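Next up, structure tokens for two forms of one chain, structure 1 and then structure 2.
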Structure 1
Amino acid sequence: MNERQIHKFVQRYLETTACQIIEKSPAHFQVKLSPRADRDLTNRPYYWSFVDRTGADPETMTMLFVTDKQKYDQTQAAEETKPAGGPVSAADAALGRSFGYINGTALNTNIRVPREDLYFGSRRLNQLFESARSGGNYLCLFQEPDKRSAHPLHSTAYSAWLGVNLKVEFACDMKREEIHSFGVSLATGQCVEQFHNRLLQHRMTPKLPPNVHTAKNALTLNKAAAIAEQTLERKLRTYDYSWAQAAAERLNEELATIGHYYEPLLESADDENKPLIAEQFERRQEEIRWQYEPRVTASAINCGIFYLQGIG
């Protein structure tokens, strides 16, 4: 994600969590968080459990999110030099602070607003990611009709789809990932890839639109999920697994190496030490399997039931 993408992401996050944006520029947001965002972002579990138990009115935090540090610092610096007398004053201010003076012009007398630089990989942005993930797990949405239906008595047929975004992890001692988005029609069992992109082409709403009827489901969710899994599995079968082969070979080599070390040790050990060495040997083997064993796992990022126009 570059600065612009992050900025856009943050803006959408703040809007959808109903945070109150006090001030913004292309490089920053100053924002009073909504209770929901505050819970997820400010690391104040004790405060929130206090609010929950006592029913007190929550006081949410105000924060400064900087999405483009360079640009923001430049504009800040430009603004600061205007009223003040150049770089000398910074040193004076620093010295002044040592004697306890507060430099009135440079510091805002209002409460301090904590600043967070949101760059890719920063902890706070990861928190935003986490928050989005936990707040966007399970959906039930309807496609909004393209245009008002001409006839008030005419009814459009909708059918339900199971949509699921799966993250596939290919891991051994290294790892890579893929995201697959599947949609399975609950009416027909048809399975579509890139389903998420398809959803993005429509306007979606949580409310059932007027003049719409839904087709009956022919499949259970279980079956639909199985179809998605099957499709994924068939696809994965066509992949190259030389990496897994290599990892398995490494695993065997490593097992042989420690076997070569521990087996003679076990043989020559006396009865007292034997169990200790055997246990250690066992543990080393476990560690090596843990480290190298090739595996592919698929888990859902999020999923939902989507009612789309037509019989899919």
Structure 2
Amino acid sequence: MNERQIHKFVQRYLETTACQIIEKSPAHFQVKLSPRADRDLTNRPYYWSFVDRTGADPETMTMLFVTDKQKYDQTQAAEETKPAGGPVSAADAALGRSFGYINGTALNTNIRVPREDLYFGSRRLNQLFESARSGGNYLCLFQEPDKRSAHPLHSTAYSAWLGVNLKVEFACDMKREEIHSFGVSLATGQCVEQFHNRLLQHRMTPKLPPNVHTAKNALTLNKAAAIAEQTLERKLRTYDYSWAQAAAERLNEELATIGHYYEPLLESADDENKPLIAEQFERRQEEIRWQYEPRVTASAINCGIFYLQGIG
């Protein structure tokens, strides 16, 4: 992940979480965090528990996120050597036109603003990833119409779909993962696979578009989720599970091997040492089972309600 990709991600995160961008350039953001972002990033549980308990207006932190350290430091060094009150340079003007550069000189205060250098693998960037992931587990979006109706009284019907991405893990002493995306119509109960690819064909918005009404749901969310689970279960029943049989054979071989080692020890051990050896034997068996025992697990990565045109 390069500096440009990090910068683009950070800008989308700040806009999505409604942070106030005080100053920005292609190499940094100075922001006043929104309450949600402050809760996720600043590790102030006692302060936020006080706010929640008393209902006081929260005072969020201001932070400096540097997405390109070399470029930012060079810019700062140039600013320090520039004569005060000089004209705006052509470079600054170009930045303003191309990148939406905001010069925050007039907003600067003597308050110390914590600086965070964001690069792939940094602790703070990982916090942003985790915050975005947790905040994006559940969402509600509407399909944007291709074109607006010319008649002001015309209304297009949208139906709700439960979209869920499921991760399936096939594990033993080896591991394989699959991602399955299902969409279940809350109006008809129809279940389609590769639902995420279907969503990519449309532009989505968090706001209900004009001249649109939503159809009444015939299914509850629990029923729709059960349909997706049943569809996945039927699909998994068609798989080849010879790998599980081979893993079970390796498991039995490993259990037999450690049995050949510990069983003679138990027979020859005295009363004082036998409980200790038996405990070690049992723990070693549990470790072998955890490593080799074949298992298939499914878990939801994220889900959402998506309103799409028509009655699905």
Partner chain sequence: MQVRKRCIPTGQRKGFLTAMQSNYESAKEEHLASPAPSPGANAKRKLHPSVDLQFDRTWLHQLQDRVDRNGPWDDWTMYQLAIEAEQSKLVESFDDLQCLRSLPSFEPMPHQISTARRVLHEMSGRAILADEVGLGKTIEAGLVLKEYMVRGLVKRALILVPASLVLQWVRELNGKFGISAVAQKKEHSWACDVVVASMDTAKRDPHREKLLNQDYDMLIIDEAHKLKNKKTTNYQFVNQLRKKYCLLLTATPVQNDLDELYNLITLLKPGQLGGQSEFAANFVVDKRLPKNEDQLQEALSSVMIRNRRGDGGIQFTKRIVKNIPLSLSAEEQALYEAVTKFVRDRVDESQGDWSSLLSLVTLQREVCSSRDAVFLTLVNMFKKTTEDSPLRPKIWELVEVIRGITANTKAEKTMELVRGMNDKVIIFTEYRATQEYLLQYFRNHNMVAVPYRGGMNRGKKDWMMDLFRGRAQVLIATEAGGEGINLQFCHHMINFDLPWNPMRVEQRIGRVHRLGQTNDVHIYNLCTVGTIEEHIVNLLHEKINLFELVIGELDHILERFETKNESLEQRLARMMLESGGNQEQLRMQIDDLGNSLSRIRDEVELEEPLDMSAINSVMNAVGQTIEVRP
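Structure 1 provides the reference sequence; residues are numbered from 1 along it. Because the structure is a prediction, the values reported are computed rather than measured. Whichever C-alpha set is largest while still superposing within 1.5 Å between the two forms counts as the rigid core.
Remark: the form predicted on its own is the source of structure 2; structure 1 originates elsewhere. F9 is among the residues whose C-alpha shifts by 2 Å or more between the two structures once the rigid core is aligned. With the core superposed, E59 shows a C-alpha displacement of at least 2 Å between the two structures. Here P45 counts as shifted, since its C-alpha moves by at least 2 Å between the two structures after the core is aligned. Here the two forms are laid over each other by their core, and the C-alpha of F129 is off by 6.2 Å between the two structures.
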